[in-house]
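Single chain ahead, by itself, as structure tokens, in the form predicted alone.
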Amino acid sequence: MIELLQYDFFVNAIIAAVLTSITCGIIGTYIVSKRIVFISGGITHTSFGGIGLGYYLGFNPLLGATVFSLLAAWIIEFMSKRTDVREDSAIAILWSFGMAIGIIFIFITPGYAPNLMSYLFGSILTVSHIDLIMMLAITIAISLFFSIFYKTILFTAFDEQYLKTRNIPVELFNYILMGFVALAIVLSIKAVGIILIISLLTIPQSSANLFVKDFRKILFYSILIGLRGSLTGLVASYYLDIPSGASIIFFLVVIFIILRIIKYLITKKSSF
């Protein structure tokens, strides 16, 4: 492990793993608590349209993914609250539209078709300094927002009606939080890829929730579990020469299984 730190790309990958774990630990706790995991899946797959557009027009695909993710998040929020279109229908429409747009633009891009493996399945070892700057900015923004408005976010996740009785702009907070969900998803694309992002936003939280029920504690332990799984998966992917995104998710699932067994044994022991 120590000898790997002499390589800049591996140091970048470690920093990316830390930032991604923090962001996904925070946002994932909100997503799981509010039970909008399916929404995050819709935003994730819609972002593929921005990646395809970025390749076609010649700009950074992650910038395109950011725009598409934000638009998808806000459109889903608008359609589910202001129209008669069901939320799951809106998600399905944007999900399929984003994927279709992405495939079309990639197909019509002149020259050889780009390698999409790093976007679909992640390649944290290829994170650049520019990517790290973007990740750091998003992580700081999300961390500050959750620190300042923690109580409001807590009620937004569990009891919106209470906030409305206190004349707090719940709708505005929902749009802001959905925007942060979109940004967290974009941040995670390089780490685990579009296909596996939902896992990074839910597995650490599910693991933490086995032992703690408090929102703040779930958030904190989700970050630690996500970081443990990310670093272990990162090292394993390097030595075993396997995709980093899949490796990270594999070890997160292993951690969940181990914790689930521990919880079962503790419960069984306490029952005697």
Partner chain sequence: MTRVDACHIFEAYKMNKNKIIEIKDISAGYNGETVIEDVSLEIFGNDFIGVIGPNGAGKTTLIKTILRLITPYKGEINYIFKAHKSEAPIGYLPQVNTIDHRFPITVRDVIMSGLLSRKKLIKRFTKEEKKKADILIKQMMIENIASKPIGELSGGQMQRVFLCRAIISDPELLILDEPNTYVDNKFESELYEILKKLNEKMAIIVVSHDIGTISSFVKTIACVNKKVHYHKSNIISQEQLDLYKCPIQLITHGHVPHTVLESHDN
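Residue numbers count along the first chain shown, from 1. Note that this is a predicted model, so its numbers are computed, not measured.
We do not show the form predicted together with the partner chain, though everything after this point is about it.
Although the partner is absent here, Gln161 sits close enough that one of its heavy atoms falls within 4.5 Å of the partner chain in the model of the complex. Residue contact check for Thr165: one or more of its heavy atoms lie within 4.5 Å of the partner chain in the model of the complex.
For the chain shown alone, Thr109 is not a contact residue for the partner chain in the model of the complex, no non-hydrogen atom being within 4.5 angstroms.
Taking non-hydrogen atoms only, Ile218 approaches the partner chain to within 4.5 angstroms in the model of the complex. Between the options Phe97, Phe121, Phe155, Tyr175, the residue in contact with the partner chain in the model of the complex by a heavy atom within 4.5 angstroms is Phe155. Site annotation in the model of the complex: the residue of Ile148, Ile130, Ala92, Ala137 reaching within 4.5 Å of the partner chain with a heavy atom is Ile148.
Across the options 180-188, 97-105, 166-174, 196-204, residues that bring heavy atoms within 4.5 Å of the partner chain in the model of the complex belong to 166-174.
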